[in-house]
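In the structure tokens that follow, the same protein chain appears in two forms, which are kept apart as structure 1 and structure 2.
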Structure 1
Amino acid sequence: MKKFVHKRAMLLMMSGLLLAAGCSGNSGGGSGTSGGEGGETEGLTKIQVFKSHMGVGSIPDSSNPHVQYVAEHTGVEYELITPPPGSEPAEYINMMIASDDLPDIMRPIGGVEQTLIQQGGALPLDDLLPEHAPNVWNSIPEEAWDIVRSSSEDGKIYYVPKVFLIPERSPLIRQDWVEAVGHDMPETVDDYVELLKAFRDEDPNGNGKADELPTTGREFGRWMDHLFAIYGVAMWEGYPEWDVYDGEIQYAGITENMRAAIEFMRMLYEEKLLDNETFLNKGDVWQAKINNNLVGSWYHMPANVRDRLAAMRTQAPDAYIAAMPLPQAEGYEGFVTVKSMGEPEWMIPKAAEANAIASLKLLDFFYNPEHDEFGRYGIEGMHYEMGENGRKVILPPEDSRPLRLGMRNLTTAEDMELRIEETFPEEDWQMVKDMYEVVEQDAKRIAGDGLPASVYQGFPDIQSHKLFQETMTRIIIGERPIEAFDDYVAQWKASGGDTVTERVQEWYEKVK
């Protein structure tokens, strides 16, 4: 039976085509498509949705209550396609394109949206969105649509962008440690260094051992953006971004600010204020250090501290995490990098044009505020349980639990507030909300927000930040002198950086 599966899929797609053709006929007669909510279920349209990075879980089939719930409300039955666990999603998606096996609507990754746009495989959505996905169209700010337009040659909208209207990441600090060493929240870099020294020398975790790591990050220089941010370097999880320096948009990795930040970190490293293993920390090691009350200052997502706190509190019952306002460095204007819009979230391949209206209807369902709660929790017993005091508790992801499709990627301050209240115990609400309040003060949306990946074409080493990472790490650990930075800048420019910069500046002309 198995070998007929692909034939069945073909049949389904054909019938999908016919149905969609019927639907668009309807809408011509008077926008009848959205009127039939929950009603005439005879004409279910099947839509293949590609989304990667779904995590652990099984793929829902058509009898899945989540799928059915969505189908009841939209007349669209979604069929989730996701790269198998452990595969390289970018490769998987390339293979789909190569074999003409594109889904009806997809979440592009690894710059594949540009491949499709440039090779004529993407469907322009300018006319379709306002009519068939009004909730999407209206809830995403016009500014974001402009950025999307800027990323294609012809200025059309080829994808629905991700929008994250609040800062997502923040410098974090152990408030209880700050108090334990009798300091205040640092205001200047000097204060910060003094505080880190106190962390190093005064045993804030109280175990009698000098095992504290005042601040730390991860391999490739990831998750140590707070140290770059002090010097006004646009940085996203350790990858230099593009922002305006000296009046022009530039790669933050080659700026004077970067040089200063690296020099600063080199000092921290030498003084053992920066974890000497910082560039060797794999994710689990880094997390274990934080969990085990070894780290005073780090960079991560406030919405995510819950499990860490739980671990810390097994040893340190008073553990308290706060966001650290960026300390002032003289001559530099520090900021926490925010990328809030423009990253591609959903696009429709041209080949799936016939199903486009149904796809958009599905997408619109998730952007409809009425379905917010459903979008967050899914189905009771399958995705969440009623916990004590009537709160819904999301069940942990596991291999046998069906995944559920979520398509809305729009986060506002209210969303975040809800999320905090839903996921944290009540006594921690204020703590997490405070973090967002603090980081809000330092947050800045960078000029390069929404930059299309196509600017890097032909320069994989520029795109992968290889040169930067090599130079930055080796200077910080003291293996190369700081002057090596200047050689690197020259080399970066010569090996394609200049070309990429030109492309970025052209792009920036269009959006600004």
Structure 2
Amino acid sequence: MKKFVHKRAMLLMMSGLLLAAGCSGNSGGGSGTSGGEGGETEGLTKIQVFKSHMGVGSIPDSSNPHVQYVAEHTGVEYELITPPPGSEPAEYINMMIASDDLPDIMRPIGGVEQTLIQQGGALPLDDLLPEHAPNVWNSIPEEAWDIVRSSSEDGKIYYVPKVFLIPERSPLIRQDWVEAVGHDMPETVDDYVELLKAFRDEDPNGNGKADELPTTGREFGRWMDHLFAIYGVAMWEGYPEWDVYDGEIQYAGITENMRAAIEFMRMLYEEKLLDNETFLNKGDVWQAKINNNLVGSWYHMPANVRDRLAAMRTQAPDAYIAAMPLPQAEGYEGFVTVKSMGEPEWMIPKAAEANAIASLKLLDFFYNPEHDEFGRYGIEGMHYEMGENGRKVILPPEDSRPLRLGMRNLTTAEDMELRIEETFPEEDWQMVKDMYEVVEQDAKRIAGDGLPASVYQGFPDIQSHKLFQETMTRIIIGERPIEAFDDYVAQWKASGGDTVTERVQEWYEKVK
């Protein structure tokens, strides 16, 4: 999801320019991608909204009925800005900051919110939210606001947090493959290994080729959290998180749990039970392997399996995806990492203060329960069509279809049930609902949920997880012995890890 800019020189340059960007008096809504000034246009206030990772679809312009509907109800025209295809979002947003061309409201990426806060470039929202965005203010739990306050030295609210009140990610497995090789869902690590061997050897995809990948991940060890989770390692999309180990909050990347998980994956790699191209897999390659009926076990979001399942069924009509309960590893308490609150979702640059009320009015529109149905479905014929049973059916994404312009990122169990019924064929509803019921049993909200990026200040290599990723990769592929993990732990501590740990523990005492 989030990637940090690893080029130290670039980061230093950007942060040096940031104070000027934050205090320049730029009213926001500048030229952006529209080529015109922001502010009042034909009675509307045009607000530039920066997002990334938009997926398939075209960016709607001011003539779009969806944009016009929002404008009619708010007096605000929603102008979406997103990085060009193929660009690195974190680098793009830093370029915007450096060029003093900030949007009116933005989804921060890669810890940029802390840079803005520390340099005075973020607008405090404590007084503005209750008055101008009451639906946002009242719908987000007080606990989440407290976590946001803990992320700044002055205890103010500088961003609206994401709130996800159910498990978002899960170990996934091809249930039809499990049945094809005559196994049950694994209960122990040994059961899981035997199942992966059957996936490797017994042709569960039925094409007569030994092309099955029992389990897989992505470069830098991303999106293989299910293998870490078995050993009680707090991970988020391949990045070690912070949780309580031995009575204190610690970086999961240096724990004995992590050592055991890496040793387990080293064995899987040697036995070709873990895709031997895992550390070469870009995201699109990883996804293609899953879609092309080649992968038995992986880690991702149950709500996002629709398109993958449709692709699988072109080759395997009976393809069925299930959530896999975590196999038990003796001596370890496995869990699926949950981060429910505190991740930055929206912030307003200080430079865009003149349009702050309009930005919050736009945001509040999407958090208003009266507009839930519009936010979910969009415009008939453009985003949804009426089904035979009188239900609205969301149309599949296409390059030519304009995107729906949502801003609400608050998800409850009820929200997810609606999303499943809106976006999946009726025959698959129970399959996806079962996934959430299964993963709920293994889910645990970690102690470091909402940890501010400011704890890493001065230690960019610790923040980027670079040392961990290099060591983990080399051990798993057999370039270094498992004992190299102990050397890595000592190096991590000496290179700033101990200082960061002290900061994290101080933060935790403040918020727990």
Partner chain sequence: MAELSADRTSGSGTKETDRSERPAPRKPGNRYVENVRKHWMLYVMILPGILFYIIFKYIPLAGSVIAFQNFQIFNGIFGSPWVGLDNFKFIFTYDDFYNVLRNTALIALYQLVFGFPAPIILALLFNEVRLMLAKRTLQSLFYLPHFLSWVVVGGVVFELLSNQGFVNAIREWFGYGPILYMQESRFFRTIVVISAIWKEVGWGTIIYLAAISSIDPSQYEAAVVDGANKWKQVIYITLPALFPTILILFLLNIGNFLELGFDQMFNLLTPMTYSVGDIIETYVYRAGVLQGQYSVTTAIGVFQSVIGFTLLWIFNRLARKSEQGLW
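Bear in mind that the values here come from a model prediction, so they are computed numbers and not experimental data. Only the largest set of C-alpha atoms that superpose within 1.5 Å between the two forms is called the rigid core. Residue numbering: sequential along structure 1, first residue numbered 1.
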Open item on the list: Looking for the form predicted on its own among these two structures; is it 1 or 2?
Closed with: 2
Task: After fitting the core, S297 CA displacement of 2 Å or more between structures 1 and 2 - done: no
- [ ] Classify M267 as shifted (yes) or not shifted (no) between structures 1 and 2, where shifted means its C-alpha moves by 2 Å or more with the rigid core superposed.
- [x] no
Open item on the list: Let me make sure I follow: superposing on C-alpha atoms, what angle in degrees does the smaller rigid part rotate through relative to the larger between structures 1 and 2?
Closed with: 14
